[in-house]
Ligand code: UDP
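Below you'll find only one chain, the form predicted alone, shown as structure tokens.
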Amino acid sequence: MSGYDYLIVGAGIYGAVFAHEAKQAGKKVLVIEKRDHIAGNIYSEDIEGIQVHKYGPHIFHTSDKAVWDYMGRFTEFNRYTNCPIARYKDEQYNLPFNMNTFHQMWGVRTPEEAKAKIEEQKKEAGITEPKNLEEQAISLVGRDIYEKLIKGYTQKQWGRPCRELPAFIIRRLPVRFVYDNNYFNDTYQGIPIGGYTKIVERLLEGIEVRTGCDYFADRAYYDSLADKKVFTGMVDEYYDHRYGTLEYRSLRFETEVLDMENYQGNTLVNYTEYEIPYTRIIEHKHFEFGAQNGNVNPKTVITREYPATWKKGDEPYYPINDEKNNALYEKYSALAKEEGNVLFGGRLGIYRYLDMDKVVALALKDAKENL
């Protein structure tokens, strides 16, 4: 007889929410995590009194009031609004693409002028049905913005020319004909005061958690511990890459502490030309407005984010949801559906990039259906 009702592999947001709901339902749960800390990629740690997002910036945003209220049980959110800046050589632009961007690029002042400029450049390019990311981008915002603010950044991010990338990657790109630099359209948005790790700590209160435990290093032992399992790792690895290996993009981070109050004046600055190897610089103190208890911190922490080619053993960040990989995932998904006592969840378990609110909603839905 096993000692636990559920073994949860992975202490990220999906695993933590499911574990919390399982405990509330009276189940005995064990959570194991390969890293030496909980919270997965939303892990934040205190450096010089600043909450540093160790695996890239995470802004919680949602229009799902139930999810917002659920997360509010474990944290208090500040009023942070995501307004990135883009730098191209010696030029600077507001993001997402809006009337401020169009004015900075072309000097236009009205939505009518901006739309006319985009339409003119779209016609010059002769695009009717966009077949790839480049054509899709030009049809949305014109050639100038594509060349300066999309092309180099995207090629760095995905490691291949924009003409070889599917159009759908950029189809949801925010384009607005109003003067509004708020990146997200969602009703709710903010950063948890005190960082993301505290949310996961609260979700996992009273639950046994073992960090530094690689499920695959002793699979038979871990499987023997529980009647059922929630797996949030890579689905193809679970099946020993039976049909082949799913592809990802990875990231590399360089973080440094600087002896100055304010390095770049904004949380996120994108570097869009291809020649600069990193895609953006994150200045973490601006997530919480640079002050703690009313005092301005005399230091700041910045992180340069470098896209990287993924290989086995690297941390997977972005699923490459092209036709080839999606077809391969469907084979693994069919295997997963045949499992009686294993539930696959999170971005790696279902091979899909998901915003945090969607991960929370999915974990709550799966918990309701399975517990």
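Note that the structure is predicted; figures quoted are calculated from it, not measured. In case it trips you up, residue 1 is the first one in the sequence shown, and so on.
The following text describes the form predicted together with the named molecule, which does not appear among the structures shown.
The stretch among 185 to 193, 200 to 208, 218 to 226, 270 to 278 whose residues place heavy atoms within 4.5 Å of the named molecule in the predicted complex is 270 to 278.
Checking A116, L258, L173, V178 against the named molecule in the predicted complex, a heavy atom within 4.5 Å turns up for just one residue: L173.
Proximity to the named molecule in the predicted complex, defined as a heavy atom within 4.5 Å, singles out one entry of V301, M71, M99, L95, which is L95. Mapping the unseen interface onto this chain, A125 falls outside it, with no heavy atom inside 4.5 Å of the named molecule in the predicted complex.
Residue contact check for Y318: one or more of its heavy atoms lie within 4.5 Å of the named molecule in the predicted complex. The named molecule is not drawn, but in the predicted complex it has no heavy atom within 4.5 Å of Y243. With a 4.5 Å cutoff on heavy atoms, Q157 counts as touching the named molecule in the predicted complex. Not one of Y4, A22 and L362 comes within 4.5 Å of the named molecule in the predicted complex, counting any heavy atom. Along 339 to 371, a non-hydrogen atom within 4.5 Å of the named molecule in the predicted complex is carried only by Y353.
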